[in-house]
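Taking the form predicted on its own, here's one chain by itself in structure tokens.
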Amino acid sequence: MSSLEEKALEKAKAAMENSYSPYSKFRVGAAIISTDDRIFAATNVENRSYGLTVCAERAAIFSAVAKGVRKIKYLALVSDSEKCITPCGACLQVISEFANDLKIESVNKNGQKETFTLKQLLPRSFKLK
């Protein structure tokens, strides 16, 4: 793991601490690394109208896009879950908009880590081509 990836994991963990998850109590932090080595972190934000909830992964990507990022190469995911989590289907599709493939590292509340790739989790993303 590179020092930049370690820094992204730290930022994801810090973002998780700000989670707004009063309904599920499921806190998640995410950080992405852009292809120009910038880090963008965010957390999940729930809403009483569940469909309006935004996952940490999408929040981090949207933040990066607002700063001009169009390509990402790494995603760090931290949760207070017993298991290492993976992005939901909606998040995977959004990730695929900004990466053909990338490394996804997930860390649970006990510090256990699992590594995935976008291609493993979403082998055939939706494309308009």
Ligand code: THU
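The numbering used is simple: start at 1 and walk along the sequence shown. In this text, all values refer to a predicted model and were calculated from it rather than measured experimentally.
Below: the form predicted in complex with the ligand, not depicted.
Novice: I have A76, E105 and Q112 flagged as a candidate spot, so tell me whether each of them has a non-hydrogen atom within 4.5 Å of the ligand in the model of the complex.
Specialist: No, the candidate spot makes no contact with the ligand.
Novice: With the partner left out of view, is C55 within 4.5 angstroms of the ligand in the model of the complex by any non-hydrogen atom?
Specialist: Heavy-atom contact with the ligand at 4.5 Å: present for C55.
Novice: Give a yes/no on whether S24 approaches the ligand to within 4.5 Å in the model of the complex, heavy atoms considered.
Specialist: S24: contacts the ligand in the model of the complex.
Novice: Looking at the partner-bound form in the model of the complex, is E46 within 4.5 Å of the ligand by any heavy atom?
Specialist: Yes.
Novice: My question is simply whether A41 lines the interface with the ligand in the model of the complex - judged by any non-hydrogen atom within 4.5 Å.
Specialist: Output for A41 is no: heavy atoms all beyond 4.5 Å of the ligand.
Novice: The ligand isn't shown here, but in the model of the complex which of V69, V94, I85, A99 has a heavy atom within 4.5 Å of it?
Specialist: None of the others qualify; the residue that does is I85.
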